[in-house]
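Take a look at this single chain in structure tokens; it is the form predicted on its own.
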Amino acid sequence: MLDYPLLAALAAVIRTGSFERAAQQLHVTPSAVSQRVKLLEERLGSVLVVRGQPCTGTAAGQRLCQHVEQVALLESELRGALPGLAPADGPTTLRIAVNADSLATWFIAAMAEVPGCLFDLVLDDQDHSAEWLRKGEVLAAVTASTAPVPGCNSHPLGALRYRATASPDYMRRHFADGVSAAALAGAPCLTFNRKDRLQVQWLRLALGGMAPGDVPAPPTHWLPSTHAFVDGALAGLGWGMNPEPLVADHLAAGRLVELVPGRPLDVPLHWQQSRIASTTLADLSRAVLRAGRRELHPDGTAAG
């Protein structure tokens, strides 16, 4: 029989990344948290936490952490039907993987439709967020992956539209003779992180679907912030793939211009969520689908 106070300590360490923060969350001492985790490891005969900065869960530790969170979600459902159950320690927490651009443009509106629960968001590129579901570290994800992760349902949301944008002054400095492969090879661009492939995808589209090896590799600024991308483009640092909702006003006012007018890049997104029976998760899923279909483009085809 699993000891849930011990499991709660384990989950707190893995999710917060330290014994000290776990202790603050559980309102006990770090020594008490350490003793609980050690006792659980001894009972199960397995290392569950890799001690470090931050602390991380082993495969077994992550699996138990996922179990604890699913049990907490199911117990929150029972309390609604059985008021005599002991009150919860706090609101239900939903751990979700989402890409930064969705968070900056439309996902907050969906979160706001589900009052009474807390969110623990994991930020990752839309091409990689489904991996968090596969590892059992989140209950749902906004992802570019179409095929359902085992144990999950997948729903199309629409496409987040990006515009390759830069300031007028930047365009005069780097593309005085037009946007060409040669000019693009020397013009600085903005890249979110090493997983960000949007610039390469747009370059292939804009330059006629050339082979990956022939795509120009421009110098880049590394800016891991959606809003810094817009600010960097406005400041003339480089050109970047900016979500259309964040640059529409700048384009209309002439503060930003498109490198190639009428040549956006649409990135289809999907909502994948665990099939665990939870009213709270179902409510969030409905809110996400409404928000996505309201704010995103209905398909992944580019349009002017």
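In this text, rigid core is short for the largest set of C-alphas that superpose within 1.5 Å between two forms. Worth saying up front: this structure is predicted, and the values here are computed from it rather than measured. Position 1 is the first residue in the sequence shown; the rest follow in order.
One more form of this protein exists, namely the form predicted in complex with another copy of the chain; it is left out here, but the text below deals with it.
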**OP:** Scan Gly136, Pro188, Pro148, Pro156 and let me know which has any heavy atom within 4.5 Å of another copy of the chain in the predicted bound form.
**Re:** Pro188
Subject >> Residue (of Cys117, Ala183, Cys152, Ala72) lying close to another copy of the chain in the predicted bound form, criterion heavy atoms within 4.5 Å >> reply: Cys117
Original post:
Heavy atoms within 4.5 Å of another copy of the chain in the predicted bound form: does Pro54 have any?
Top reply: yes
**OP:** Give a yes/no on whether Ala252 approaches another copy of the chain to within 4.5 Å in the predicted bound form, heavy atoms considered.
**Re:** no
Original post:
Does Ala176 reach another copy of the chain in the predicted bound form if we count a contact as any heavy atom within 4.5 Å?
Top reply: no
**OP:** Mark Thr16 yes when one of its heavy atoms lies within 4.5 Å of a heavy atom of another copy of the chain in the predicted bound form, and no otherwise.
**Re:** yes
Original post:
Within 95 to 126, which residues come within 4.5 Å of another copy of the chain in the predicted bound form, counting heavy atoms only?
Top reply: Leu103, Ala104, Ile108, Met111, Ala112, Cys117, Leu118, Phe119, Asp120, Leu121, Leu123
Original post:
Cα of Gly236 displaced 2 Å or more between this form and the one not shown, core superposed?
Top reply: no
Original post:
Pro245: CA shift of at least 2 Å between this form and the one not shown after core fit?
Top reply: no
**OP:** Kindly check if the Cα atom of Pro264 is displaced 2 angstroms or more between this form and the one not shown relative to the superposed rigid core.
**Re:** no
